[in-house]
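Quick setup: one chain, the form predicted alone, written in structure tokens, and binding and motion questions come after.
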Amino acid sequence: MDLTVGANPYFWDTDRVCAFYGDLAAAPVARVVVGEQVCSKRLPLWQDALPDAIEALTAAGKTVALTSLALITLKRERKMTAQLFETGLVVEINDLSALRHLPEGREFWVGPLVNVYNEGTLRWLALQGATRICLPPELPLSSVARLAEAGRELGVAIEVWGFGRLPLAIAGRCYHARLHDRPKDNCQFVCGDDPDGRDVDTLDGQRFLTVNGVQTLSQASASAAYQVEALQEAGVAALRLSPQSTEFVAICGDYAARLSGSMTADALAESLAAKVPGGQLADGFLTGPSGAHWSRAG
């Protein structure tokens, strides 16, 4: 089992993007997905950083893929999606409508925003050319094991969400713009004010969700720290790590140590709690009674 870094879901300026991928080149991860997944309006403001990021990551020996948008609705978004396949890089599909642009015979990856919940869906994607699939993060460990077995039979590498705020939903409305009384078309990119998303609490003060433009995330950062051995035994090929704005390279290093056996689950959990926004962790979708449950709690 090794590590894959997923596409950054947040809106960062060009300088921060350059610094992030420059640092990530030295991290102990096997592959990195880059590009804009959440909002097509953001990409023109930072896409100039992409060629240097791809070059630095490739030179460091990482396999690099480009993500599609998670929700493709506009003509210009369809055009952007078609252009992804012209780059020659592997494309990670997060909206199945992107398949209509897939050149014949071209392999692709499937991201965690596609609902691969059963063997039939996995088999169909494999027949279209999928060689790597990151399962949606809400699956329990028993389903992960079943799909990992099917993936081995089909020659498809299966990834599981290993770290980061969970992608729960994508909508047509922009929560950040609405919060600031701005129409979506004149949002003035206010989501950039919150580099790890804007936390949302319930009316009685419980920590609940995080909004990121048109995306809803969990407020807790998910971690598979306590399920590493079970996932290895199930045949999972990689853990997916989702970026955050601070200490991410150190987090990658901690996960690499956990996979090699030189760091315990408790030590990883303790380290993560000090690094994630809000200090809240969860692994309930894999093994708990609810998604927000955390194995170490109590």
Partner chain sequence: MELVCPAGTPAALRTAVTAGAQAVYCGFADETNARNFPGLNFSRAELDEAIDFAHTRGAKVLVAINTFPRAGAETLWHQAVADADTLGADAVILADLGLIAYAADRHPDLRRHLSVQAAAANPDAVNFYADTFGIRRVVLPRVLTVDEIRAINSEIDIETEVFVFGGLCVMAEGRCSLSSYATGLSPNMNGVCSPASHVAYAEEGPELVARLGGFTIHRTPRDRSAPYPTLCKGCFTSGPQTGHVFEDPVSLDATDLIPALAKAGVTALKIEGRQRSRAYVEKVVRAFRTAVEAEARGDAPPKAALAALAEGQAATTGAYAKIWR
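Being a predicted model, the structure only gives us computed values, none of them experimental. Positions refer to the first chain, counted from 1.
Although it is not shown, the form predicted in complex with its partner chain is what the next lines describe.
Highlighted residues E104, E229 and F248: none comes within 4.5 Å of its partner chain in the predicted complex, counting any heavy atom. A residue is said to contact a partner when one of its heavy atoms sits within 4.5 Å of a partner heavy atom; G151 fails this definition for its partner chain in the predicted complex, lying far away. Residue contact with its partner chain in the predicted complex: F85 places no heavy atom within 4.5 Å of it. Its partner chain is not shown here, but in the predicted complex it comes within 4.5 Å of a heavy atom of D201. By the criterion of a heavy atom within 4.5 Å, C174 is counted among the residues contacting its partner chain in the predicted complex. A single residue from the set M80, V156, V90, L99 has any heavy atom within 4.5 angstroms of its partner chain in the predicted complex; that residue is L99. Scanning 105-126 for heavy atoms within 4.5 Å of its partner chain in the predicted complex gives L113, N115, Y117, N118, E119, G120, T121, W124, L125 in sequence order.
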